[in-house]
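Here you get one chain, nothing else, as structure tokens; it is the form predicted on its own.
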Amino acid sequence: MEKKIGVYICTDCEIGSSLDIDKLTKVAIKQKASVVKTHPSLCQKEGVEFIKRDMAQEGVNAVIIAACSSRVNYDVFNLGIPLVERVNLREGVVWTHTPNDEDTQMMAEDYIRMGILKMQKMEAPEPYKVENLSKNVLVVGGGLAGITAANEAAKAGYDVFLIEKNDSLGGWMTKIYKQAPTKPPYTDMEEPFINNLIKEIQQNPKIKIYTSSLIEKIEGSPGIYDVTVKQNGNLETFRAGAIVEAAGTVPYDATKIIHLGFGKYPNVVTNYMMEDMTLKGTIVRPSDGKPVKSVAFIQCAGQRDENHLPYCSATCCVESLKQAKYIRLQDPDSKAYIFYRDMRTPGHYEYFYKSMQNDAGVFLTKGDVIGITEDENKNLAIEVENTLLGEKIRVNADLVVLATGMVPVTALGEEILPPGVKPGDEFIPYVMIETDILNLVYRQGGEVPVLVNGYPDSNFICFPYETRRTGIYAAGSVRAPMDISSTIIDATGAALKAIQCIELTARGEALHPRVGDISYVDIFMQKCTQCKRCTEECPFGAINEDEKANPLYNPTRCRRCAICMGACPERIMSFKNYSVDMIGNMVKNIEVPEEEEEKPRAIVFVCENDAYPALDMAGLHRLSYNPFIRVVPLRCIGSMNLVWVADALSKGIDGILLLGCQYGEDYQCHMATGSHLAKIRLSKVAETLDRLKLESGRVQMTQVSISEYHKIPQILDEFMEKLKGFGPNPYKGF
């Protein structure tokens, strides 16, 4: 169908009073838009009907709305057609620049021009529909998180396969004597409810349970995962649509905590061993079987320690309080000492903590345990300094319990760094650890990538359940340290995300963060040089490769970030509505004034996820910034193709700034590694600049989070000052 472009310019929200609308209309007509009209308020019902009337009567099938930011009113401007482009005249122009000013007008005209040029290059995307799609959910791990995820998915009407490597379900929850309070008044220990949950899922016909089972391999992608399970030496294959990984944790190896005496003194045990002792009956000393009269609990044993576990395991404080109560209930004359760095009992657990504070037999103090010694009768002496009392103290005890932390099973195994990353690099975006949990048939490795502490994650701020493998959701303590109540909530959330994945995939739509996007990569294989950059750099493992290193694209794994498009030196990766040629055409058609006019031009490529919202926030707060910049939104700053640098500079643009999401330990990149990859690529742009005889400082990158919108004017103004020092681009006028 022939494309008929309609441009609709809104005059509300100060646009009409700040810009020469007639000139904008002329720009649109000059760019050969078929229909160009204005309206006093496009976002109102009358404005939407105004556009739809042209669609029905004049055959407009490609709409450009020049009004507010694309991040607002997106539901209002859902016109039922795939070709709708937004030009940001409100937040991006009139709310951030001087009204009725020549430079403000030139900015608006450039944005109109760029929007039309982009639309002219666009094709209507069509959703990728999976054949033989499965709506089954695979849950890996039969502990509390796995059981909860399976149960919730089944309640929602989905068939579930639950795989557990042990011969029974329940995990750690079946090994505890009592559980911390979850109901008012939050002062009394409770019977573990795990057995009731196990019975519930065993009786549910929608849940098929595999115990004593391991995953041999998982092939495919969301909607079409082919899972091979080994049970008692037999192999069985089934198809699943999404996966919840709830494989759990293991206790930290207490033998590594040398100064606390575990393995050296028999009466030094871990919190896990203490639970087992209580479950079996009377709490006695391992050395001689005598009943315990005094117990010292040492918190953060090998936790919050860069030499061991740098993180808090979230449950230990409450568990130690609970185990102290075990002792007090066993013998009213017994004593419990708890030495902590910080007592962390969030939410309703604070009531339990207060109830234990009121127990005269429980002594709690902040302090650092510096050593443990043993006498000839196997009695233990604990030395503590930096206490609340302000002095060093020495406590004698029959038993010492170390609150060791939890280590995700995803942290166990052989560690593999991502391609191109070396030990000691400034920032490692993820680590692959081969652990034989999922055994994915992925070019980048068989498990989900993990972060520095071994926890699988994608974006810790915005997407808590996501991993860096589309359609695979981490739940429970394998995702982050958490208690029983949090695990139930977490597993329910992961099950819902798995269901969302299945339903979006069935419609041919992308998952987070571009939810609903129906575009996907088209590869022009005739020009492929088998360089492997797309297969290595895709953050989500969407591209496998054949024996000749040709890319094998899996559309339902793709999150439409276009990082592969930025990676490809031959520019063979493109989307119908987002391509190298499309953005390059926009860049090459920005109006660049002559040198003598002293109106420099800079392009700011911004990530649509954090940097662009920050620009919008600057607009909402009416913060002014330099009018000589032109903003080009990208799906991810990692989709930046270096050919755009050459396009811009050869056009006479004075400088290029990349605004991406934060990376490093406090990473916020919505596409996981996009911002990091952009930085690496930009470090190689000096060659292009040398070839053009230009200063390398003309091209820079910085990171900004949405909360740092107030920094936007300073960032842009400082960049323009640097360009002023370099002088005009010598390519102006060519």
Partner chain sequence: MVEEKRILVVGGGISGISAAVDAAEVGYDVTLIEKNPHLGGRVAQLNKYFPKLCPPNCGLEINFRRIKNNPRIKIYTLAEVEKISGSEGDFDVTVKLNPRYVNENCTACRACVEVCPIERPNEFNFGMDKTKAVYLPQDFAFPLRYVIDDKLCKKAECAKCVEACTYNAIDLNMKVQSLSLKVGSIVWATGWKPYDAAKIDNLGFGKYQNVITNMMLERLAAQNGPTNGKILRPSDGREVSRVAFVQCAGSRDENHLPYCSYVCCLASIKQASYIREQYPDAQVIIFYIDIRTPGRYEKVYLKAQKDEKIKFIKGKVAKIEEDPATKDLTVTAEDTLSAQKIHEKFDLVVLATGMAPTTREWKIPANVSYDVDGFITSSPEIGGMYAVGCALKPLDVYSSIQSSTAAALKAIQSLVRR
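This is a predicted model, so every value here is computed, not measured. So that the term is clear: the rigid core is the largest set of C-alpha atoms that superpose within 1.5 Å between two forms. Numbering follows the first chain given and starts at 1.
Not on display, but discussed next: the form predicted together with its partner chain.
The stretch that touches its partner chain in the predicted bound form, counting heavy atoms within 4.5 Å, is 307-315, out of 139-147, 545-553, 208-216, 307-315. For the options N379, N439, N453, N585, the one in contact with its partner chain in the predicted bound form, meaning a heavy atom within 4.5 Å, is N453.
Y340 is the sole member of F77, Y340, F161, Y111 with a non-hydrogen atom within 4.5 Å of its partner chain in the predicted bound form. Using a 4.5 angstroms threshold between heavy atoms, D12 counts as touching its partner chain in the predicted bound form. Under a 4.5 angstroms non-hydrogen atom cutoff, its partner chain in the predicted bound form lacks R630 among its neighbouring residues. Contact check for I81: every heavy atom lies farther than 4.5 Å from its partner chain in the predicted bound form. Its partner chain is not shown here, but in the predicted bound form it comes within 4.5 Å of a heavy atom of Y351.
Using a 4.5 Å cut-off on any heavy atom, the residues of 597-627 that reach its partner chain in the predicted bound form are, in sequence order, E608, N609, D610, P613, M617, L620, H621, R622. When the rigid core is held fixed, the Cα atom of D616 travels 2 angstroms or more between this form and the one not shown. The rigid-core alignment places the CA of I198 less than 2 Å apart between this form and the one not shown. A displacement of 2 angstroms or greater separates the C-alpha positions of V606 between this form and the one not shown, with the rigid core held in common.
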